[in-house]
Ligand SMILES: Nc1ncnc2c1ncn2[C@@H]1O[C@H](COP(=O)(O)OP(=O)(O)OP(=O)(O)O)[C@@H](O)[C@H]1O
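Take a look at this single chain in structure tokens; it is the form predicted alone.
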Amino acid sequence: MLAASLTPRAIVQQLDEYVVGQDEAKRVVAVAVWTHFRKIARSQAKQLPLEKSNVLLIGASGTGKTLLCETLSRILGVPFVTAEATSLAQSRFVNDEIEAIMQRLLDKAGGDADRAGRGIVFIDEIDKLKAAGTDLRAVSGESVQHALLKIMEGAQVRVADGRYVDTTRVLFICGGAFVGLEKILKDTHGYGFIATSNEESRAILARLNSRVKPTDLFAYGLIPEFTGRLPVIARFGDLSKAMLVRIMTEPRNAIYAQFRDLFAAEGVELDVAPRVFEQVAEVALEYKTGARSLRGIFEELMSPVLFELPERKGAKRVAFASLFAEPAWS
């Protein structure tokens, strides 16, 4: 049962503490999740079948899709597991892989099948299922889509220990970069001819032109039955340098806060100048992996200092003025 205090607005406010930007996507997902659990409650009260609205997240790698789902599961207090569609496609026995996913969900629920049946499953790289695998031992992407249909709608899945997990109430969130989808959108969307008289109308028109329709996903390579199981679509924008800087400094568990806490435990204040974060963000943009590379770059910056930290007796502060300059101890 979803707590009464967890309204869509409250969910977004909690997501804001950990996920930088992507405001529209957060609102779409918050509404979808709130609606999902309300539907569960109403269907049980009225003994009616549940019509699920699973979610599709579209955005480049490193834009926050997995982070949003992980944070969401913590907010809701439900079991959460991730899987990669490419792994499913590379398996000769895709149903065995699906059973393994549900087994992990059951494990995350502490063995409670009913709690597992209210969890969230995030399947990433779903866009990779549009093409057939080249490995003769693998199954085609279309075959994987068909295999996922049943559990996404609701089915009893038998796991390794012989028990069953009912996926009827499990929320499935799929994600993918969908490289090339923009071209399809440009070719198929044409609302620009509609006359608009004010800012509000133009804003609605912009939303219509940016909205991904089921037919766009068909053109991309997903089968109609599969897209029909993903009626809610949220798009993640690319991360700018400013957003990457915010990711390192603003969230409650930001990497800078983590390292400041680590240094403070040794009695040393860590001071990193704003320019350093900008330089780290610039390097990350060169890598073209979104926020994924931020931790690696920052850890590399900290590594030499951490090597010296235990032996710097009496040091009270270490300051970084540039990514490319030695830090100053005092």
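In this text, residue numbers run from 1 along the sequence as written. Quantities reported herein were computed from a predicted structural model and do not represent experimental measurements.
We do not show the form predicted in complex with the named molecule, though everything after this point is about it.
Although the partner is absent from this view, L239 contacts the named molecule in the predicted bound form, with a non-hydrogen atom inside 4.5 angstroms. Although the partner is absent from this view, T35 stays clear of the named molecule in the predicted bound form, with no non-hydrogen atom inside 4.5 angstroms. Not displayed here, the named molecule is kept clear of F320 by more than 4.5 Å at the level of heavy atoms in the predicted bound form.
Heavy atoms of V19 reach within 4.5 Å of the named molecule in the predicted bound form, making it an interface residue. Only one segment in the set 262-270, 60-68, 299-307, 42-50 has residues whose heavy atoms sit within 4.5 Å of the named molecule in the predicted bound form; it is 60-68. Across the proposed site, D124, I247 and A291 without exception bring a heavy atom within 4.5 Å of the named molecule in the predicted bound form.
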